[in-house]
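To begin, one chain is listed below as structure tokens, in the form predicted alone.
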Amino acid sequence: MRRSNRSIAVPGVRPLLVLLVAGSVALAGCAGAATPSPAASAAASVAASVAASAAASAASSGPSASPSAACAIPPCDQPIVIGVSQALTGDKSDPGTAIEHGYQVWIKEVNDAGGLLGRKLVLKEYDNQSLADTAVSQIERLVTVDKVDLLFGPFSSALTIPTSAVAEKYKMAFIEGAGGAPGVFQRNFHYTFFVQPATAEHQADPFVAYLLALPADQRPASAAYPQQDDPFVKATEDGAQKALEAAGIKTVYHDVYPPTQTDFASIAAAVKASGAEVVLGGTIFNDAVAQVQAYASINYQPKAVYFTSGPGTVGAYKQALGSKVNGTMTGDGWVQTSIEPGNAKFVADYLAMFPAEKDIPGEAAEGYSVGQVLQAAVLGTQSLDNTKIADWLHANSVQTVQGNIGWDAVGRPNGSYLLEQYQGGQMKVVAPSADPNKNADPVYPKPKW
């Protein structure tokens, strides 16, 4: 097995270690070089981006979140090492890479400001190839072999559920921005914290509320639920379906497909044949794109389309679909135009680090928010003690670019999502009406594909 181990110097910054492993990692010392990974080009691209990394200031409801210039916790000549197993290749690689870019921006901001507690940050990262077993092995290695100081979580509930169990076993704070399914919280873990405004079962609440507030003669009578076999997706879809059925909106199609599904022609034909007036697609990314393409190819024109994930990875989604993005909806905790404190700096710094990207993915804001939360807890405790950090987070809320987030006893956040819709090729906040970030009214029925 091969491990890529690079230390890359950044002007004015302690070298940032980038450790990317494509494939499974042996728990007891995976030494030496091995064969090149099939993901080598993707990993190399990420490594090149991470080379620019070094880190940021986070806003907190607790003490000042400004990094201290003087070293507060020895060894002062050593960096603070944060470990992460991330989906940089495989079916979750688009959002996985996006959330990892958010980590990079935060790390660069913090290091540029003098570090955290006076020590520079290093991100030690493995590529789990979107595979749960690989992610578990990598988190084990990060804790027991690499002995990292702190942990970040991976993308998706499917990877967060098993990896958070490892973090809990070792009493490591597990701050994660993309694992909000009920299965993450049902085990009553103390060390896991989900950094989005709300959990998966509430993601579609604003969409459901919007549909049910429509005048009776405009409200849809039927809905379809094509969904990937994924815990986050299931929670979101089940919650929306239950609420819409209770309001009299009939379910005319419901089917679960595997994460490996690539051909959506038969699903699109079945959804169209059902006569569904709205579609709630339980998607991650590739399947959201494929569903739209399949519906458009047979001229199926529902009144509204909502996807659980996919539209938030803005640049890649727009590149894949062009004008077909218009009218599609999703639920998220962030948009690039957000007026939350610190968001303007995040946006500017992100675009400076990744100038080829004009549209920042929502997952990047999730990754950045994870860093803000960790920073607030470290400063709040003046410690790298993971138990103290977890206790502090249970007792405090933190201002992030996604809003002010606090947690219950098992790490569930206590806020609510935004309803977003593509209009004129731009992501707009269309609900709730009272949210200060709202900058457009919903378009319904949606434009034709």
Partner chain sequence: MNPQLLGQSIVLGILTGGVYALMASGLTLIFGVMRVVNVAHAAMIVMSAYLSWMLYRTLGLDPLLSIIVLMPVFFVLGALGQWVVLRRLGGRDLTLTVLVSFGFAIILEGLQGSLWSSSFQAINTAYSLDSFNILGIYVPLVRLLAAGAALALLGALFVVLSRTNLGRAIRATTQDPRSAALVGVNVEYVTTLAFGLGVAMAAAGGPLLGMLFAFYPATHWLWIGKLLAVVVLGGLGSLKGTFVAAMILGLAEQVATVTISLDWAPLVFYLFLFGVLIVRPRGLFGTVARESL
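Small disclaimer: the values here were computed from a predicted structure and weren't measured. Numbering follows the first chain given and starts at 1.
There is also a form predicted together with its partner chain; it is not shown, and the following applies to it.
Colleague: Taking its partner chain in the model of the complex as the reference, which of Ser323, Ser266, Thr337, Thr251 has a non-hydrogen atom within 4.5 Å?
Modeller: Residue within 4.5 Å of the partner: Ser266.
Colleague: I need to confirm a contact call. Of Pro355, Pro74, Pro258, Pro215, which residue comes within 4.5 Å of its partner chain in the model of the complex, counting heavy atoms only?
Modeller: Selected residue: Pro258.
Colleague: May I ask you to check whether Ala273 falls inside a 4.5 Å heavy atom distance of its partner chain in the model of the complex?
Modeller: Result yes; Ala273 sits at the interface with its partner chain in the model of the complex.
Colleague: Would you please decide whether Asp205 lies within 4.5 angstroms of its partner chain in the model of the complex, comparing each non-hydrogen atom pair?
Modeller: Taking the distances in the model of the complex, the answer for Asp205 is no, it never comes within 4.5 Å of its partner chain.
Colleague: Just to confirm, Pro302 within 4.5 Å of its partner chain in the model of the complex by heavy atoms?
Modeller: No, no contact at 4.5 Å.
Colleague: Should Asn286 be counted as a contact of its partner chain in the model of the complex, where contact means heavy atoms within 4.5 Å?
Modeller: Close contact exists here: in the model of the complex, Asn286 approaches its partner chain to within 4.5 Å, heavy atoms only.
Colleague: Taking Asp91, Thr262 and Ile298 as the candidate spot, are all three within 4.5 angstroms of its partner chain in the model of the complex by heavy atoms?
Modeller: All of them do, each having a heavy atom within 4.5 Å of the partner.
Colleague: Just one of 111-119, 328-336, 172-180, 312-320 has residues with a heavy atom within 4.5 Å of its partner chain in the model of the complex, so point it out.
Modeller: The contacting stretch is 312-320.
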